[in-house]
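Quick setup: one chain, the form predicted alone, written in structure tokens, and binding and motion questions come after.
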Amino acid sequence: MSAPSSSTADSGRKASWGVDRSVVILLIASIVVLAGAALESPGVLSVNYLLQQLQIASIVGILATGAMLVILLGQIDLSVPLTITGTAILATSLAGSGNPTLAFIAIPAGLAGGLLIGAVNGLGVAIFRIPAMVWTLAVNAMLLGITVFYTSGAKPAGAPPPLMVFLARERTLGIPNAFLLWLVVGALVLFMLRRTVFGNYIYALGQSPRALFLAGAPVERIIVGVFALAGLLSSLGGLLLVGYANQAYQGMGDSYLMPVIAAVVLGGTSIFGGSGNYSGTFMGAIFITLLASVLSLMQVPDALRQMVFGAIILAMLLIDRARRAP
């Protein structure tokens, strides 16, 4: 079977000069947001402020990378919030345990936890045929119960792994380390989507699962693999968030689900699967971070910000549905 590459799947959304239209629109929108905010607070145009936003966008971007892979399948992962929180609590408790061996495995254990959660999600969707929205929401609820039981509802004790503090907060040659890490992750994912059979299968599965199955592709293994990779990226984002916040706390990932999904759909990835370009997700994460920051500067309540992100997702759903209509 000849599965479509990302360039084929997205050719309809390219501008005449070959640049993804979503990227151009989001770039212009980001400039407009910054220009509007500068009228009220000129400090938003300072280099330090922009680098700080790039730092935060890197965390959102890594989380959005995992979300994009799942959405390309035509699925959704609602366990992202507690994957972040669970990873954060596990890593900080191990790193701050006072045991050198446990501290050494804090980061690998956190990443392994995310990989395991993702694999469980994939098994539920691929093997038991449970809709991803229902299964991942149930997993998220179970993870909430586990974290509350583990911490007894109190602020978890521990300390962030020093490496994650370095990656999340420090800079190399003036560039945030988190952004450099995001570039590496993005390059690997982009290579996978464009240059590997597995990446082609992801797009093909999102477009027509039945056709891919009839072609003899290992559909179940692809689904489990994508969800596992998404869980791994969610845990990596959680570890970066721990390093940036310098602590873990209950509900750490609660406010990230809507912005992450919004970044993906704004970047042009179809919520129905089979179509999307990573460059759009990359720019979507930057735009969503800038928008959230400006709304915060305007002292817009978090609840209202979540409503804005929800409205963005609904609008993109309607646009995508209209685009697909005959």
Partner chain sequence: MTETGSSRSGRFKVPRVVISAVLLAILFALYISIQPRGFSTYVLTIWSNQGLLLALAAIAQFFVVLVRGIDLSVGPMIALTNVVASYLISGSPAQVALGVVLVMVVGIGCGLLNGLAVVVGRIPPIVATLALGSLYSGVALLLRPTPGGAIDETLSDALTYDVYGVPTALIALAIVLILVAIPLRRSRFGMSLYAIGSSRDASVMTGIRVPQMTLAAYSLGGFFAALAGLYVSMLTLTGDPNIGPSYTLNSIAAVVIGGVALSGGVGSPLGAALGAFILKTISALMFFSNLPPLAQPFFEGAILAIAIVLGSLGMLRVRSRLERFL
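Residue numbers count along the first chain shown, from 1. The term rigid core refers to the most C-alpha atoms you can superpose between the two forms while keeping them within 1.5 Å. For clarity, every value in this text was computed on a predicted model and none was experimentally measured.
Unshown form predicted together with its partner chain; subsequent notes refer to it.
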Given its partner chain in the predicted bound form, answer whether the residues Ile31, Val184 and Arg195 all have a heavy atom inside 4.5 Å of it.
no
Contact between Phe272 and its partner chain in the predicted bound form at 4.5 Å, heavy atoms?
yes
Taking heavy atoms only, is Leu317 within 4.5 angstroms of its partner chain in the predicted bound form?
yes
Flag Pro301 as yes or no: does it have a non-hydrogen atom within 4.5 angstroms of any non-hydrogen atom of its partner chain in the predicted bound form?
yes
Could you confirm whether Leu297 comes within 4.5 Å of its partner chain in the predicted bound form, counting heavy atoms only?
no
Could you tell me which stretch in 218-226, 169-177, 235-243, 105-113 has residues with non-hydrogen atoms within 4.5 Å of its partner chain in the predicted bound form?
218-226
Quick one: of Ala157, Leu163, Leu188, Met133, which gets a non-hydrogen atom within 4.5 angstroms of its partner chain in the predicted bound form?
Met133
Answer option from Ala126, Leu73, Met252, Leu90, heavy atom within 4.5 Å of its partner chain in the predicted bound form
Ala126
Using a 4.5 Å cut-off on any heavy atom, which residues of 306-322 would contact its partner chain in the predicted bound form?
Gln306, Met307, Gly310, Ala311, Ile313, Leu314, Leu317, Leu318, Arg321
Compare the position of the CA of Ile25 between this form and the one not shown after a rigid core fit and state whether the shift reaches 2 Å.
no
Core-aligned C-alpha movement of Leu317 between this form and the one not shown, 2 Å or more:
yes
